[in-house]
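Just one chain is shown here, as structure tokens, and it is the form predicted alone.
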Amino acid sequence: MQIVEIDGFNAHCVAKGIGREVSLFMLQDESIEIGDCVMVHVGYAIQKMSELEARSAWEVYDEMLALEAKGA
């Protein structure tokens, strides 16, 4: 997800038009800024990612969803 707003250890993040409130607590030792991409799991940012890494992850996820929809 991409960070669009930061308030302390909380951030508003967006991915594919969906917004979520995300805790940045687990990345407190990282330099996090608006516009950065993070991997989110159960409401926590667990890893800072490059935009290319984030895009690649979404492509893999979309492929998995497409295969699941086909019943593969």
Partner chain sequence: MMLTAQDWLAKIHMLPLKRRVRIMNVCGGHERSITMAGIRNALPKTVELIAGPGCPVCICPEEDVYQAIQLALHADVILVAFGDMLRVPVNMSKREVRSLEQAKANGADIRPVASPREAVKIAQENPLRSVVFFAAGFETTTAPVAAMLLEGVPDNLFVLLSGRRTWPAVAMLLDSDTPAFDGLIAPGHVSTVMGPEEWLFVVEKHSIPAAVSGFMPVSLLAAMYSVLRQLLEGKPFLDNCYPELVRPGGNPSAKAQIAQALNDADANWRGIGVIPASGFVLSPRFGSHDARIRFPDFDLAGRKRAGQMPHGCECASVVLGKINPNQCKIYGRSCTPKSPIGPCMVSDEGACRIWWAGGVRNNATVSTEDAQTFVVE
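Numbering follows the first chain given and starts at 1. What you are looking at is a predicted structure, and each value in this text was computed from that prediction instead of being measured. Just so we're on the same page, rigid core means the largest C-alpha set that superposes within 1.5 Å between forms.
The same protein also exists as the form predicted in complex with the partner chain; that form is not shown, yet it is the one meant from here on.
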query: D29, heavy atom within 4.5 angstroms of the partner chain in the predicted complex; finding: yes
query: Partner proximity in the predicted complex: M64 to the partner chain, non-hydrogen atom cutoff 4.5 Å; finding: no
query: Proximity of I34 to the partner chain in the predicted complex, heavy atoms at 4.5 Å; finding: no
query: 4.5 Å heavy atom contact, A15 to the partner chain in the predicted complex; finding: no
query: Those residues of 39-63 which, in the predicted complex, come within 4.5 Å of the partner chain by heavy atom; finding: M39, H41, V42, G43, Y44, I46, Q47, K48, M49, S50, L52, E53, A54, R55, S56, A57, W58, E59, Y61, D62
query: Large Cα move at I18 between this form and the one not shown, threshold 2 Å, rigid core; finding: no
query: Displaced residue check between this form and the one not shown: M49, CA, 2 Å or over, core reference; finding: no
query: Rigid core fit then Y61 CA moved by 2 Å or more between this form and the one not shown; finding: yes
